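Okay, here we've got a single chain as structure tokens, the form predicted alone, with questions on binding and movement later.
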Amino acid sequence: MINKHIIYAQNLSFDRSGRNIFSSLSFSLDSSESIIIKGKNGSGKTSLLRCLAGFYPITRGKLLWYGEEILPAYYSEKPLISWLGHFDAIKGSLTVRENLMFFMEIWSVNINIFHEVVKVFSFEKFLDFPASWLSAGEKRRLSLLRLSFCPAKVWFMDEPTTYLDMENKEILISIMSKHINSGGSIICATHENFHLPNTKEYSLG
């Protein structure tokens, strides 16, 4: 049944500035599943994510969330989707702690969870630094740290391994797997070969 899927996409097409970006894509996403989207630069991976998340309107086809054409903002009183894109959404004038506490308060995250994920990413020494002092890799790790306690049901991730070394890529995969195993879902555009539970892979030409 269509209405059992979190996302149901049928023959999706997207045109921009008179050019077809992708066409005739069909798939579904359920709880405890991940979708990996691959393709060369310019193949439409980011555009597809943006269409699914409601940032861009699809040109043709059917896109349903829980059987409805309107993307709901919340799922069981929690935010339905989160977005991790090319920009890290960090306020440079605030400390690392202040950046994290802002989202913790919005999402009502337990302080014990906060301390746990800070240790996972070895971020204890950075908490009182202005976020602007962080390197590109540290800013990406900060974004992933924030994502790891995000209560959203569906995570949209666009090249999440950018600026990460191998150790932190493994931490990222562990966090993604934990989210899927706890009933969450992920749609990720990447060049990496991720080994995640219950994964479906699509390649854009």
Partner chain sequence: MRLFFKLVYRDINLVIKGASDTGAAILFYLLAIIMFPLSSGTDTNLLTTIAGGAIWMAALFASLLSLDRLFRSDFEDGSLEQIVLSGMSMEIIVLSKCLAHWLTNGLPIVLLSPILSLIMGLDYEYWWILAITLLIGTPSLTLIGATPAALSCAIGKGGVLTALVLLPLMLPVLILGSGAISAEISGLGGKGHLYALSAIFPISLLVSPFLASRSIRLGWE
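Residue numbers count along the first chain shown, from 1. The term rigid core refers to the maximal set of C-alpha atoms that superpose within 1.5 Å between the two forms. Fair warning: this is a prediction, and the values are worked out from it, not measured in the lab.
Only in words, not in the display: the form predicted together with its partner chain, which the text now covers.
When contacts are judged by a 4.5 Å heavy atom cut-off, residue 111 does not count as touching its partner chain in the model of the complex. Proximity of residue 66 to its partner chain in the model of the complex falls outside the 4.5 Å heavy atom cutoff. Residue contact check for residue 116: none of its heavy atoms lie within 4.5 Å of its partner chain in the model of the complex. Proximity of residue 55 to its partner chain in the model of the complex: non-hydrogen atoms within 4.5 Å are present. Residues of 58-96 placing a heavy atom within 4.5 Å of its partner chain in the model of the complex, in sequence order: 72, 73, 74, 75, 76, 77, 78, 79, 80, 81, 83, 87, 88, 89, 90, 91, 93, 94.
Here residue 71 counts as shifted, since its C-alpha moves by at least 2 Å between this form and the one not shown after the core is aligned. Look at residue 198 and residue 75: in the model of the complex their Cα atoms move 3 Å or more farther apart than in this form. CA of residue 74 to CA of residue 33: farther apart by 3 Å or more in the model of the complex than in the shown form.
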